[in-house]
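As structure tokens, one chain now follows by itself in the form predicted alone.
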């Protein structure tokens, strides 16, 4: 078996930090990709519950609840645990050890220049009062990914910078410990003797979905999100708040505005999308309210089967099913991660004694 495949299928790793319910931005940015790719790829989907402690270390009960909720959302979206492996970060010890080794390969100032990290510090109002673990999580994310040696990482646009740092770490490890020539093309690192493939980001079909404020990216913390669990009434109400600046049905409209980003994201009849764009741009007796209602209907149609599937896990015994999925994923993921760690330590001349992991 090659390092990046199972049954000759290329491997994928991606995941989410459990910060609450998933919203439409998560769906079009990454989760939709995961569901579509799980038949073609060897998929590992990671719940980064350790990363949640970087800003909420005093809320362990909340993090545990969010962890279970995010797995519910994944299963509701169509992630199939018989096809894809659900991985709980805190239960894979190899991730922690690799994080330490990787931290020695990347300068601190490079970590702090990560634009995603800087954006999060600003968005969360952390100033200079964040824990040491907050920037460390950016290195930990490199370990999250590379411990499974994937070829692709489906992410939203805002996470591409993290993937680029992961690519830098993979190159550096392969060069320092595996003797790979720095001039090697990224696609050839494994064939040249490297342990880690240089993973590529795969951005969803909608790189950045604006929130219902029409300005900022959709985010729970900004209170501008439409959640996958929202009812049709809630969806319609939230979309009604979307500001376009247009004054009336007979006024030409800008089809690059936030409303039409929703039109193109959620109305899948291309002829209908073109019709709406044409009439809106001409001011052909079509109001924002009409377009919003049509988009709301399309969104609710998308969410209905997800909510039906999710209802199964919101019943007595549903949490037990979620925990069973998590435990099965841990059992499958641990040997893969341990193999990577064993090979990494061998390359680093740290192979002093065999290491085994057992389950109670």
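This one's a predicted model, so the numbers in the text were calculated from it and none came from an experiment. Residue numbers count along the first chain shown, from 1.
This protein has a second form, the form predicted together with a small molecule, left out of what is shown; the following refers to that one.
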message: My question is simply whether residue 124 lines the interface with the small molecule in the model of the complex - judged by any non-hydrogen atom within 4.5 Å.
response: yes
query: Looking in the model of the complex, any heavy atom of residue 212 within 4.5 Å of the small molecule?
result: no
- prompt: Might residue 136 be said to contact the small molecule in the model of the complex, defining contact as any heavy atom within 4.5 Å?
  reply: no
query: According to a 4.5 angstroms non-hydrogen atom cut-off, is residue 219 in contact with the small molecule in the model of the complex?
result: yes
- prompt: What is the one choice in 97, 277, 120, 188 with a heavy atom within 4.5 Å of the small molecule in the model of the complex?
  reply: 120
- request: Work out which of 208, 237, 172, 290 lies within 4.5 Å of the small molecule in the model of the complex, going by heavy atoms.
  value: 208
query: Taking 17, 29 and 158 as a possible spot, do all three reach the small molecule in the model of the complex with a heavy atom inside 4.5 Å?
result: yes
- request: Work out which of the listed stretches, 97-105, 200-208, 75-83, 178-186, brings a heavy atom within 4.5 angstroms of the small molecule in the model of the complex.
  value: 200-208
